[in-house]
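In structure tokens, one chain follows: the form predicted alone.
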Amino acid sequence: MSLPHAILTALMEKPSSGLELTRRFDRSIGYFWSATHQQIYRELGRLEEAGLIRALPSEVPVRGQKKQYEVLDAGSAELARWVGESQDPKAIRDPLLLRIRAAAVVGPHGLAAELRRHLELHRRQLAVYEAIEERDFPPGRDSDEDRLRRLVLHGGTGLETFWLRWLEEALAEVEDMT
């Protein structure tokens, strides 16, 4: 049930329309919790129906105007409850890992190229995270909010660094076999 909580988090940071949320997901939360605009709009309706958010009243009603949403007290309480909830880690489900396992029985033909491709993708993602850190977390930004956001970003850079090391090891092994 993380998408509703991701939306509540984003709306607590800044009241937004569905379109703005979609764009913000693409630039921040989407790095670790992705959602399509259809999913976001559907969830906004559910959250509003549940009394966790509301559409802000418009000063001048205009047909086709974007609704701006804000979190209500019940939504803030739900997000706080969820933050303190216990949840087990999710098992890794990565098609590349399954493909390597399959290569053990059918041979690694073509696998090295795919490993190189993944290496490049993870290098690019690490560069994106490093640019975000440089842009959004200059020295001296030490509020609790910034420290927690930076911690999430460091989780992303740590995962990318892990994947780079592991992919280099995997590529060396596969190349040694062929």
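The model shown is predicted, which means the values in this text are computed figures rather than measured ones. The numbering used is simple: start at 1 and walk along the sequence shown.
Omitted from view is the form predicted in complex with another copy of the chain, to which the following refers.
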query	finding
Candidate from L121, A50, L56, V128 lying within 4.5 Å of another copy of the chain in the predicted complex - any heavy atom	L121
T9: touches another copy of the chain in the predicted complex, heavy atom cutoff 4.5 angstroms	yes
Another copy of the chain contact at E20 in the predicted complex, heavy atom, 4.5 Å	no
S28: touches another copy of the chain in the predicted complex, heavy atom cutoff 4.5 angstroms	yes
Touches another copy of the chain in the predicted complex: E114 (any heavy atom, 4.5 Å)	yes
Residues of stretch 153-171 in contact with another copy of the chain in the predicted complex (4.5 Å, non-hydrogen atom)	H154, G155, G156, G158, L159, E160, F162, W163, W166, E169, A170
